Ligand code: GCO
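Only one chain is given next, in C-alpha cells, and it is the form predicted alone.
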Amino acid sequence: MIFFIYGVIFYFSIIVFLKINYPELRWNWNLEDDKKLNFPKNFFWGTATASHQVEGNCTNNNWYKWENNFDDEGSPRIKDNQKSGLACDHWNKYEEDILMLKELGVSHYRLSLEWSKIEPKKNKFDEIILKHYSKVIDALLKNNITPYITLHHFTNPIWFDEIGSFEKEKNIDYFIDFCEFVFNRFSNKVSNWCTINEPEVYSVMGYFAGVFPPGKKDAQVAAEVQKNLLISHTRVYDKLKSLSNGKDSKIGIVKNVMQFDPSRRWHLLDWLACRITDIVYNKMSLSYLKYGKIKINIPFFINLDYSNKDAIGKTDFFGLNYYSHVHLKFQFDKHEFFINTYPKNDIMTDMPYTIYPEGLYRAIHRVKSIGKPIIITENGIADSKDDKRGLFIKRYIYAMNKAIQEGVDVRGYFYWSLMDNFEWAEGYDMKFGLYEVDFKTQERKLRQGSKEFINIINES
C-alpha cells in the first residue's frame, strides 16, 4: 500500500512540475484587445507567397508528379484530385500583384524562386526564366518593395528527386550549386535571402505523415532528411557569404514553430507524446543552430547523433513561421501514438487548428535563445467566410508586439498570404489570401477582414 501511495505522489509531482514549467498561456482578451500597439521605427511589414503555389505551370517538380499521382488505394494525393495548374498566374500577373502590395501599404515581399524552372535539367540553367525573375525583382524595387527571396520552398526539380533528393547528404552539393548560381545572378539587387523553408514540415509531412511527396512513412528517414536540410542551410550560408555581395547580404533559415500541449494536463502519456513530438519538430532545429548538435534517441523510433560546432549561430536572422498549437492525446497505436484534439471554447480556422495568438508570443520567446534578430516570415489564417481574419490579424500582431515591448528583437512581419493560392495537399480549399482570387477569371479582390492589416500598418 505504501508503495502505491508513494507512486501516486511521485506521479502527481511530475505532473505539477510539467504544468509549472510548460504552461499553456492564455490571456484575458477582454483586457488585452483595447491596448495600443507600439512598433520600433524601422519595423517593416510584408506579405509572402511561394512559387509553386502562385506562379502557375510548374510542371517539372516533385509536386507536379505528386498532384498527378494516386496512393495504394487509388485515391488522389491532393484533396478532391485538385491540381495547381495555372494557380494565380502570378507569373504573368506579377505587375498587377505588386500594385496590391502597394494598396496594402507593405514595404516587403517574400517570394521563392522555382528551382525546377531555373534548372530544369542538372547543370542546365534557363536564361529565359532567369530574365523573368530579374524583371520581377526590378518591378518590386521600382515600387519600393524590398524582396526577400526563398531558395527552397518545398519543391525540387524532378531530376533531383530521381537521385534521392535530400535523403542523401551527398546530394546537397547540387542544391548549393543552384543557390550559388542564383545568388551570383541576383545579389547585386537582392540583399535578403531565406535558405530553407520549414525543414521540419518538409521532412515530417513527406517522410513521416506521408501526405507530401514522396509519401514515405519512416520516422528515421524523416529525421535524416531534416538533418540534411539543416546541413544544407549552413553549407549554403557559408557558400553565399564567401561570394561577392555575401558579406553585405542577410541570409537566414525559415522555421515553423508549433507548440504541442497535452490534451489532458493530468495525463503523463499525453505529456510524453508532446515531449517526443517537440523534440523532432522544434528542438532538433533549435539545437542545431544553438549548439551545433542533433541528438535524438527514441527507442524503436529514431536514433540520430550528429554534431557540427561550425553550425552554431549560422543564420543572420531567424525566420519564424507561426500559425497555431496542437493538443495531443496519447493512444496505444504503434503507427500513430497520438491524436489531435481541440478545446471546446477555442475558435477554429478552416485548417484543423485553432486561433491561438498566445502561441506566437510563446514561439518568439523560445527562438530568441538563438540570439539572432527574428522576422515573422509567415503568419496567417485560412478563413473562407472572412469572418475571423480581422480578429486573427489583430490578436496575433498584438502578441508579436507584446514580445517586442518586452525587449525581443523582432524586425518585421510577413502575412501569409498575399492572395489565395494552392495550399499543397489541401488544394485550393484553404483561403489564406488577403486578396480573394477567382481562379476561373483570375480576378483579385481585397477581403474586408484584410483591412485590419492595412489599418495596423497605417497606424504603426
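Just so it is clear, the structure is predicted and the values come from calculations on it, not from any experiment. Numbers follow the displayed sequence, beginning with 1.
Although not depicted, the form predicted together with ligand GCO is the subject of the following passage.
Visitor: Decide if the three candidate residues 178, 193 and 238 all line ligand GCO in the model of the complex, where lining means a heavy atom within 4.5 Å.
Guide: No: no residue has a heavy atom within 4.5 Å of the partner.
Visitor: Using a 4.5 Å heavy atom cut-off, indicate which stretch of 197-205, 264-272, 122-130, 285-293 touches ligand GCO in the model of the complex.
Guide: After filtering at 4.5 Å, what remains is 197-205.
Visitor: Pick from 165, 321, 228, 349: which has a non-hydrogen atom within 4.5 Å of ligand GCO in the model of the complex?
Guide: The residue from 165, 321, 228, 349 that makes the contact is 321.
Visitor: Between 383, 97, 378, 114, only one gets a heavy atom within 4.5 angstroms of ligand GCO in the model of the complex; which residue is that?
Guide: Selected option: 378.
Visitor: Is residue 416 close to ligand GCO in the model of the complex, meaning a heavy atom pair under 4.5 Å apart or at it?
Guide: Residue 416: contacts ligand GCO in the model of the complex.
Visitor: With a 4.5 Å heavy atom cut-off, would you call residue 153 a contact of ligand GCO in the model of the complex?
Guide: It does: once ligand GCO is placed as it appears in the model of the complex, residue 153 has a heavy atom within 4.5 Å of it.
Visitor: Under a 4.5 Å heavy atom criterion, is residue 67 part of the interface with ligand GCO in the model of the complex?
Guide: Residue-level check for residue 67: no, no contact with ligand GCO.
Visitor: So in the model of the complex, is ligand GCO close enough to residue 62 to count as touching (4.5 Å, heavy atoms)?
Guide: Although ligand GCO is absent here, residue 62 would stay clear of it in the model of the complex, with no heavy atoms inside 4.5 Å.
Visitor: Using the arrangement in the model of the complex, list in sequence order the residues of 415-433 with any heavy atom within 4.5 angstroms of ligand GCO.
Guide: If the 4.5 Å heavy-atom criterion is applied to ligand GCO in the model of the complex, 415-433 yields 416, 423, 424, 432.
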